[in-house]
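As a starting point, one isolated chain is supplied in structure tokens, in the form predicted alone.
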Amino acid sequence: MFKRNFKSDIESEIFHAISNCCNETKIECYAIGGFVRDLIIGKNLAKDIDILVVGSGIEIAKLTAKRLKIGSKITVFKNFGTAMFKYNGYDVEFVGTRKESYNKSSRNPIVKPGTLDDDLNRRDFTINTLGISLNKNSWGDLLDKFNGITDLENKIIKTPLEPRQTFSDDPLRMLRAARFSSQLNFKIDINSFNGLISEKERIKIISPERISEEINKIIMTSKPSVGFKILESTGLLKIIIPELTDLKGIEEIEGQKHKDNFYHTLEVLDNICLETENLWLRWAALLHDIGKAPTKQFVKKIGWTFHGHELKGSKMVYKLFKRLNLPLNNKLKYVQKIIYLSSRPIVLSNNNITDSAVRRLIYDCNEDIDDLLTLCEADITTKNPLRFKKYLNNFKLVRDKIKIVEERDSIRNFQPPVSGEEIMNYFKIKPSKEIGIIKEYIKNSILDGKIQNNKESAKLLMIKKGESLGLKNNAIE
């Protein structure tokens, strides 16, 4: 007999309330799925709890909500036979046991009431079929039809039924397999892995939103390369993000090779995950080299080149985001900017750093300069410890120089010291191209260090440039 104590007083309160409702109605209930899995392996638990009810999930949800005195704060989905409520930071969802049948052209199942066995059969992996009894006569007993506890101990991802059936019924499970492998550091068993390969084309019926949701979850794991290697080796990644698989492979001409940019990319992604929880910076790391496949060339006496891959890659991001239904707003622009500028600090780190070059980098990157440098540091994947130390020290010099220049010249979040309105008022002119010319001239003069970033210096330059354009001061002082 397996007994398990729940982790917190709130959890205990929720589960005892459910148990009392089960006892009153003579209906069986189990905590099931991810919550139970994580409880057993001792992970930090998510705040969502799934309750499997051998009967009406809606009825038990309402009774439990009443017992917990949360009144009508319950959401009911009659079509799915489910209900949920929030309680002290926890999302608790109740679902009645059911069985499902699928149409080949859709991942939306035909759902009917079913037995406990029917419900366990329809679940994705054995480690997610585990349940803990909330019934009075078997409180805390483990429900384990598919020997999921052994798979947990052996760190194995395995489907409860024949893998091809499980993945064909709901192809999103293929991405979930890669995600759980990445999150939990578990291996996918060989039969389930082969099922991923054989059913990979079925992923095409899944909506872009559901796909990107799983990809985001893989990216947010501590070592996402695990999940992406699974997606690549099964053929799923080529269907979902071919821009990445196009980077795979090493070519050799006249004895000269280039590195495998796919595996390099995964190294960079893993590296940056040690430094940031920013999903979109992690996306930038994942996509920072996608422009290398279409720009790759072999030049005699030089070797392999990828000229302009940053610009090409930044432009490719739009179609990729649109295809996956990722946000086409400031998140997209942020990823594009980081990719486009990704080589600038590298160039600075390899040369004597001029103040002008640093000012322009700060101006172009603005508030994202620290994120850009974090990517550049993650991009150091050399296995030579001396080179690694050298490159890292070079970026430290860049960071130090940025700090000095920024404190002195206030370039970050740069605003022109002289506005367009002030130029019009001084020269008594209407909006015209001359205003833009003057503003651009002042900006470049500041960035190049020809004048200081203050109003007095900028106004003197405004007058000089305006006069060179034939403008005169007709303002009444």
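These numbers were taken from a predicted model, which means no experiment stands behind them. From 1 onward, residues are counted along the sequence shown.
Just so you know, the form predicted together with a small molecule exists too; it's not on screen, but the next bit is about it.
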Tell me, yes or no, whether residue 48 is in contact with the small molecule in the predicted bound form, where a contact means a heavy atom of each within 4.5 Å.
yes
Do residue 179 and the small molecule come within 4.5 Å of each other in the predicted bound form, heavy atoms counted?
yes
Just checking whether residue 34 would be counted as a contact of the small molecule in the predicted bound form - the rule being heavy atoms within 4.5 angstroms.
yes
Give a yes/no on whether residue 128 approaches the small molecule to within 4.5 Å in the predicted bound form, heavy atoms considered.
yes
Answer key, the small molecule contact in the predicted bound form at 4.5 Å (heavy atoms) among 170, 377, 141, 243: the residue is 170
Partner-contacting position among 229, 344, 164, 122 - heavy atom within 4.5 Å of the small molecule in the predicted bound form:
122
Answer range among 394 to 402, 281 to 289, 218 to 226, 170 to 178 for contact with the small molecule, defined in the predicted bound form as heavy atoms within 4.5 Å
170 to 178
